[in-house]
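Before any questions on binding or motion, here is one chain by itself as structure tokens, the form predicted alone.
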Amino acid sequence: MTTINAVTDLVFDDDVALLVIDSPPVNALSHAVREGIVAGVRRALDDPRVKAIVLICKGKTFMAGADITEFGAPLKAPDFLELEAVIENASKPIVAAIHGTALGGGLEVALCCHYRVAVPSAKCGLPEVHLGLIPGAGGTQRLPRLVGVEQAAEMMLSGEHVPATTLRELGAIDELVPEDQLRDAAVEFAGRIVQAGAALKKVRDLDEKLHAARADSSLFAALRQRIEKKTRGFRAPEYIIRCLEAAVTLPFDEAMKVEQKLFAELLHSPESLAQRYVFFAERQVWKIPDIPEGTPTLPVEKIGIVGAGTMGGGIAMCFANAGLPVTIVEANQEALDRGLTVVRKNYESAIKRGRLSPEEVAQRMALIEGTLELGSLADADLVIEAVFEDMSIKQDVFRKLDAIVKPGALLATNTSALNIDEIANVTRRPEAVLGLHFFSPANVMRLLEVVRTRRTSKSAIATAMRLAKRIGKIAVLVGVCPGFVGNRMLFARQEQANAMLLEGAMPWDIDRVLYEFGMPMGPFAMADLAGLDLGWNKETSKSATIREVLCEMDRRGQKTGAGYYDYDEHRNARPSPDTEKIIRDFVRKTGRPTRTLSAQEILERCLYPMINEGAKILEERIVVRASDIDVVWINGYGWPAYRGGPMYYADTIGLHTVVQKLEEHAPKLGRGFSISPLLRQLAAEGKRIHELRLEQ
């Protein structure tokens, strides 16, 4: 063995040299790794004993991408293009031996090798789009030459990790090898290449799989149309398509210049900077100052859920999808049957979309058991209450669970706003009570607010965070306050949206501004989707609000074909003259004057009070760090990732501007409105809020 540098060794196996990378945790292509590969390849090329080279990695994965911490500064030599040139132009065959994941720059390096072998469990991808970037080291040019333009577009635009088995069928992987024999099989493969005198296959020289794209003049227009709605506001997807067009129409070296130019534009763009911030923020949420790694956790293998409604059924799917058995309890058979039917329909929809096989659905449904007996939850490790949002009802459920469920088990509530301390206080195990606030639809939405009470144990919190990872959620630890983080800030926005209706704006005026900002929908379209009668009571309704008037007129949202908007049979919305008349009549009765509100005022009054509320959440130490708030809003409410979340967005505007505008709008923001002292302080000191971290 020859040591090249701290992360690279050259190991000799007869006439094959193994260039071994060992740079935990993911063998990212840092300067040291790039330097080691270049030096190792050159050493092997200079050694007359060596006939072929195998590039292989230690640890759990092949090279899982560029070192993102190096972004923004000039790369030390060798950069990626220099590294790839050394590999691609080598005079001896180089074989990439892939396990784990080969992502981003890691896959781009593998594409420069003359051959690629992989274990069946390996996955490859070019996920740069999630960082607001495009592959910047030839990925947009080499991948389509191996798998075709349409498949390459799908991989890059989705950023998905594609199984090696699929890539073998597509032609990007030359051979699949046994899981536990990667090293020996790669050496054997390299030996066969040498013995056969096979050509040094340069992907850049391949052309056959570009022919179909050259013959289809409508291909790129169709691609753009297909992704238009999903990629609204993002630049990277369009730039990926431009690079693919270059791959089809230009010589390789000229097309590479297009890729380099567009990559450089994106690297310093506001969108990519925001998305890279989100990337790190989503990794920070798991780090909780007072709950260090190694905090004891509880075993959770059996789940109980009380309530088979929309939330209860969706939560059950989350656990069944992860292979955990679930028992759902309902008060009556009709409600239970209805809930389980909805779960089955959701799974059947996944079959129709090709996301699950019938066998997989059968396995998951078999893990979900329905019952009317609360006593069936006695041996559950975790019970989640998902009943009607009423404190007395929830407290009654928790009293019963406390008496039934085994000691040591966790009891959780899915409340979206209620005081969980008050729920915990009715039990004899307040240290085992916490909130698990799933977002609807629970089986789809990534976010989970884990709510700690004053008495929740560290072990319970650590268990909940670990379980969230197990079921594929991104969990944010929050404290108890009305609405926690997401809904508390949403309430601030909704209050202003409703107030502006009384000042002269129409629902579609407000919704349009927020949609154009990048939100998936505005507050009134969202209310129609959820149902205006959510929490509304016909017996106590007094026409006191516009929403109450709409509900009384049976305009309850999409489900009745009319709410704030009118809907056709396909639930397509259009501004409603009836709603406009209702609003104008309502405002006239109040005697208030109306005016025309500008789009800028609507935006400021919707978003700046949210920022202000976020600052108050930080003051009250409801979250560990400001970036946790941004993770909540991006993953739970559709805040555009290219704007980085409300707190990050505040800093792009400037806190001084936010405070100034809040002062200007203050007379219209309601009697209880006050500007956060923390926000004022940070603005006065010229500091940034999204970087704020508060030890608990």
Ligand code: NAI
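Quantities reported herein were computed from a predicted structural model and do not represent experimental measurements. Residues carry their position along the shown sequence, with the first being 1.
Not on display, but discussed next: the form predicted together with this ligand.
Within 4.5 Å of some heavy atom of this ligand in the predicted complex lies at least one heavy atom of Glu389. Remark: Met489 does not count among the residues lining this ligand in the predicted complex, judged by a heavy atom distance of 4.5 Å or less. Ala331 belongs to the set of residues with a heavy atom inside 4.5 Å of this ligand in the predicted complex. Taking the partner from the other structure, this ligand in the predicted complex has no heavy atom within 4.5 Å of any heavy atom of Leu603. Contact check for Asn321, Arg446 and Ala468: none of the three has a heavy atom within 4.5 Å of this ligand in the predicted complex. Picking from 495-503, 576-584, 391-399, 550-558 the stretch near this ligand in the predicted complex, with a 4.5 Å limit on heavy atoms, gives 391-399. The contact residue chosen from Asn414, Asn612, Thr456, Gln275 relative to this ligand in the predicted complex is Asn414, the criterion being a non-hydrogen atom within 4.5 angstroms.
Contact with this ligand in the predicted complex, judged by any heavy atom within 4.5 Å, is made by just one of Gly435, Gly312, Pro507, Pro144: Gly312.
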